[in-house]
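We begin with a single chain expressed as structure tokens, specifically the form predicted on its own.
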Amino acid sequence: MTKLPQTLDNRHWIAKVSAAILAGGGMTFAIMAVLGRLIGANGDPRSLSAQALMWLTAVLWVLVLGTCFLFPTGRKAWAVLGGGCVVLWSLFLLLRALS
């Protein structure tokens, strides 16, 4: 017997959007921090690397906001996005400690 695929619904939309805004925002800032460490970006906002990281963060955050409704529940969205946020910030702290 085959299992029917789960349909997507928007019953938990407040939880999904709040996860995308808070945990997804933290995750995109963590991606920016990790990439900034890896490419050696300095603090000058007029540099090419700083501009690229700034625009990348905005694009990633919009992407997370647009796809947060693909999670089946709000709890799953919080688990995945929050877990990703914790892992990426831990990676940043590890990179900072190594350099």
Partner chain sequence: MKIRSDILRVYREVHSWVGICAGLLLFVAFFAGAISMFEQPLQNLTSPQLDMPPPVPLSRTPDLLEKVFSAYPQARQTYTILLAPDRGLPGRVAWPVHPPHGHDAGPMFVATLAPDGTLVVRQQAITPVAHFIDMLHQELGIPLPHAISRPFMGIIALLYGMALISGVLLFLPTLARNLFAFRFREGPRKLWLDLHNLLGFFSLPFHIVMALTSVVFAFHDPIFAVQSRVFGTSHTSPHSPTHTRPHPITADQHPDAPLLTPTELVTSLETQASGFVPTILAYSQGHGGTMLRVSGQDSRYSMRGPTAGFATVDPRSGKILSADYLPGHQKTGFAILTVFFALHFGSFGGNAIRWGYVVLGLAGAGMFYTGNRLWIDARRRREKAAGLSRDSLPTKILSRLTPGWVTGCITGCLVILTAGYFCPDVMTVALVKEIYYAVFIVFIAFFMLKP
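Values in this document were obtained by computation on a predicted structure and should not be read as measured data. Positions refer to the first chain, counted from 1.
Heads up, the form predicted together with the partner chain isn't pictured, but that's what we're talking about next.
- Taking the partner from the other structure, the partner chain in the model of the complex has a heavy atom within 4.5 Å of a heavy atom of G36.
- M27 falls outside the set of residues with a heavy atom inside 4.5 Å of the partner chain in the model of the complex.
- Proximity of T67 to the partner chain in the model of the complex falls within the 4.5 Å heavy atom cutoff.
- At a distance threshold of 4.5 angstroms between non-hydrogen atoms, T73 is out of contact with the partner chain in the model of the complex.
- If you take 28-57 and check each residue for a heavy atom within 4.5 Å of the partner chain in the model of the complex, you get F29, M32, A33, G36, R37, I39, G40, A41, N42, G43, D44, P45, R46, S47, L48, S49, A50, Q51, A52, L53, M54, W55, T57, in sequence order.
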